[in-house]
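Quick setup: one chain, the form predicted on its own, written in structure tokens, and binding and motion questions come after.
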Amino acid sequence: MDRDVVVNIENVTVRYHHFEAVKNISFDVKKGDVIALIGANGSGKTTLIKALLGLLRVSQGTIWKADGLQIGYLPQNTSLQDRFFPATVEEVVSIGLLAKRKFPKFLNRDDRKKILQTLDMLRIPHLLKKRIGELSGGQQQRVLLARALVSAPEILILDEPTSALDHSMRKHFFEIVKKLNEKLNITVILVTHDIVSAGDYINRVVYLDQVIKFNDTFDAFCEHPELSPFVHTHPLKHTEGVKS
């Protein structure tokens, strides 16, 4: 196996009773990848992610992960609508450290330093003592990203992270993800329906419909007439072949 491979998914099938949510799936995740995992609702994306996280049992095949691999996870629909929710930003981010510890669970000085460093990296250290319910949707998303990052994961799994964000906030969020990938060498698996917005920030597309229909670059996906509803719609495509 290639030494850069950090996750190997080999002939994986996951069943719910007699229904096969994903069927005989195989692909590798390499260190430094930014992969967009796409597909229609019900295509098996969430099932595959839960299997990768160990939350669902694999019915057939294997999921191999590098020894000691740390995975950060930002689940779908995590923004809060209750502005009176009492937890502070510091308390929310601390869950990323405390969740994996045995009792007693408490923060030490090093933990508080890590939390502040993570918030600073995402340019929100000033929110440390704010209640998360008082924050905007974009600020909440960065706080929840900080929670996933504070334990220094090698892989970051983001499940529809921009679904509640407007266009400008989506662009900013993807720029943050790109910076994390380039500066910290964090591998990213991005579950998204917004493949057009994500196109500039990913190096591979895995298109799932119970089985893998496509596994290649974003440009190759855009040029695939049978699979992509986005053929020639990406902004970069509009400039190709245009003479000045």
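Since the model is a prediction, treat every value here as computed from it, not as a measurement. Numbers follow the displayed sequence, beginning with 1.
There is another form of this protein, the form predicted in complex with a small molecule, and it is not shown here; the text below is about that form.
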item: Candidate site Ala21, Ala40 and Gln76: all three near the small molecule in the predicted complex by heavy atom within 4.5 Å; value: yes
item: Candidate from Asn215, Asn181, Thr46, Thr192 lying within 4.5 Å of the small molecule in the predicted complex - any heavy atom; value: Thr46
item: Which of 171 to 179, 28 to 36, 66 to 74, 46 to 54 lines the interface with the small molecule in the predicted complex (heavy atom within 4.5 Å); value: 46 to 54
